[in-house]
Structure formats: C-alpha cells, structure tokens
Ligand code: GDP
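What follows is a single chain, given as structure tokens, in the form predicted on its own.
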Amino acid sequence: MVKAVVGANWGDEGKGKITDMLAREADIIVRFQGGANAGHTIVNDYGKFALHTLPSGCFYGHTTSVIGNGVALNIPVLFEEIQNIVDRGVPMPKILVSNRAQMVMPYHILFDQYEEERLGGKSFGSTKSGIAPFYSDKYAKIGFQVSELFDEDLLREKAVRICETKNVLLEHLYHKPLLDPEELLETLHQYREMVEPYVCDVSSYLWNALRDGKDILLEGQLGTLKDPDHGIYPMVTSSSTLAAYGAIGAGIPPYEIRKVIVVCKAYSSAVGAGAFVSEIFGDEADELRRRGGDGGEYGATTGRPRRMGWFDCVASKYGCRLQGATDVAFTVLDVLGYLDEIPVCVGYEIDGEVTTEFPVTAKLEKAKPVYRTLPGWKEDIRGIRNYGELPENCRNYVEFVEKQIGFPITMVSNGPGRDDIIYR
C-alpha cells in the first residue's frame, strides 16, 4: 500500500511530524520532489531535527529512505545531513538514491543568488538553494543525471559544453567570475565517490517492494499553493507539490497511491513572497508567531520569520481537492489555546463579490478575507489523546473547519512530539 503525505497550503504545515509518525508502520519512505530548499522539523526520542533532503522516516531502524528521481539532489547537503544525524546518536539510515535523480550543481546555487540580486525588489523570495536554475536546466535537458556520473567520456564532454553556455550569462548578464570545466569535472568526480554506494534503480526496487506487499510512504515538500501549475504562480516552487506527482517522482503506477494524507495547519503561515489573503500583521501576528510551531514560526531552512494568518477555508478546501485528500491531518491546534476568539476566513471578496472558490493569481491579489469568528477554548490541550476529551469549543472549531473544507479530518495534532496526536 502506498500513502502520500502532502501539504494543503504554502508548506510548513507540519508534514515532517506526520511522516515521522506514519513511518512507524511503513517499510520505505520516498522523497519524490523538491530539494534542500525547504525543511521538515521533527521532534522525537533523539531530539529536534530540521531535515532538508532525507525523508522524515529516517529515524527508524526498520525503514529504507529513498531519494526519488523527482528530487533536486544536492549531494554534499544530503551527506552532511546524514553525518549530522549520525553524530547525534541516530543509527545510520538505509539510503537509496535513484540513478535517474538529477543533481543540484554549485553553479545552480550561484545563479539563484545572482538572479535574486539582479531582480532586487521584484525577486521571488527564493531560499537561494539553486532550485529554479536546477529545474530550468532539467527541462532544458542540460542537467546532470546521477547515472551520468559513471560515464567518464560523456561527463567530460558535457562539462565543457555546459561551461560554454553558462559563461555567456555569467560574463554578459551577471558580470561574475566564469566557470572552469576542469573544476566542474573535479566536483562531479567527488559527487560520484560520495553517492556510488547508494545508487539504485529505484523504480524497479519500488515495483518489487509493492509486489512483496511492503508499505510505502511518499513524502511531499511544501504544499498545493506552491505547485507550479495549481499554485500562486509565479510565487511558486519549481516542481509539482501534488500527491499525483508522487507517482512520477518515485516511478510507481498512479493507481498504487491509495491514501493521500493532506496536512493542514489550524492557522496559516507562509515563507516567501506571494498572495496570502488571511495574513495578519503587527502584534497579533507576532504573538501567534512566537507561540506557533515548536519554538516559534521560523523557516526550518532560512530561519526567516514566517508570515502569519488565520485559517483559510478557501485555500485549504482547494488545497485538499487538488491533492485528492482521503484524510486531513490538522496540526498545531494546541497553539490557538490562548485566544478568546478565533477568526476563520470562509470566503474571498473580489470586486464586490464573495466566492469560496480559490482564484487565479491576478484575482487573488485583489481578494479580501471574509471572516467568521468562533469562540476560543482558553486552555492547554497538550497531552489529550482522545477526541471526546477536547474542550467543546475546540471540537466545534475542528468540526466547523471540516464542514467548510469538505474533507474528513481524521488526525488532530496537539503538540510537536511523535505521540501528540489524536485519531478521530
């Protein structure tokens, strides 16, 4: 059986914790898209971790962690991350890397920085991890696939060819130092040495695992609203964040994905630029940010303060629909315990009309939130394991959101730890 864990909104919904929790019952966890540009924060028996490339199930001895072909693989970052967790007492995870994955090169990171610099105030709020240049090269067919590391003639010819095209931009657009093909080749050789023991035909491996009845978990990065097709384009990421892409990014048949667990926060937060209708500011936002997450709402990759907002039913209903939610995991509910009243965004007013359908970006920019206010529960709900024991106003909040989004909330997370979860 294959389950996908994906985000409903802008990312940062708490997917890492849900994946870590579900991984207890899984055999294989696959990262299927994105790169080291977003982080998953996990709190478990070993401590608190921010993972960027490793799948969030890597803390269990019985699991195999797979880097799928859809991932933007930054090899040194992956191995530094493995070293970091091993240094903190975590057993060495079993890792497999798809021979069809492509690699983030040092020049991708440089181009990311140079382009954001050049755009100045019109930048995309990139994490400068090289992701957009990486995917641009992948689709322009000038990326380096892991399998190519093992063909020396091809590597040599390609290093020269790529430096030629990149150097035109470096010289004439960015006015920056040029690339040297010999240095690039040396880097590729280092990557080959590091990754060689882990390379495998992942699609074939997963096909056999499915035939053997193994349980596979697909772990997505970011959320629906950062999808390049269905998100708030152009303020999106460069790979599809949808569960449907899990089949492509892991190399499995689409009909194998039986469950889609869409992770949704009990309030909203976002990192990076772009339309965010229910956003709040000032003291109200500072208070929520300070209390939010585990240790506050700051990006796991950048440390940037996240933008804060109230729960957005319009964006979340859309997010769950595009993902094909069979289950919704509702996270960080405990954070809202300090509020007397909790506003919930139930519609968007655009040009004088109210809609509950999520619009395209140009219309989204004009949208004003329509709020319903629900009474708060004013108590700490951490430690509760049974849905019926939650305060009545807390249950009312969950059920109101569930009705608005139209998808079943089957898990409620009320704390950062692995066991802070209520099953409905």
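None of the values given here were measured: they were computed from a predicted structure. When you see a residue number, it is the position in the sequence shown, counting from 1.
Omitted here: the form predicted in complex with ligand GDP. The next part is about that form.
- Only one of 27-35, 40-48, 353-361, 59-67 places residue heavy atoms within 4.5 angstroms of ligand GDP in the model of the complex, namely 40-48.
- Taking the partner from elsewhere, Ile75 is found to have every heavy atom lying beyond 4.5 Å of ligand GDP in the model of the complex.
- In the model of the complex, Asp334 approaches ligand GDP with a heavy atom inside 4.5 Å.
- Not displayed here, ligand GDP is kept clear of His108 by more than 4.5 Å at the level of heavy atoms in the model of the complex.
- Gly293 belongs to the set of residues with a heavy atom inside 4.5 Å of ligand GDP in the model of the complex.
- Of the candidates Lys368, Lys378, Arg372, Arg382, Arg382 is the one whose heavy atoms come within 4.5 Å of ligand GDP in the model of the complex; the others do not.
- In this stretch, 84-117, not one residue has a heavy atom within 4.5 Å of ligand GDP in the model of the complex; the partner itself is omitted from this view.
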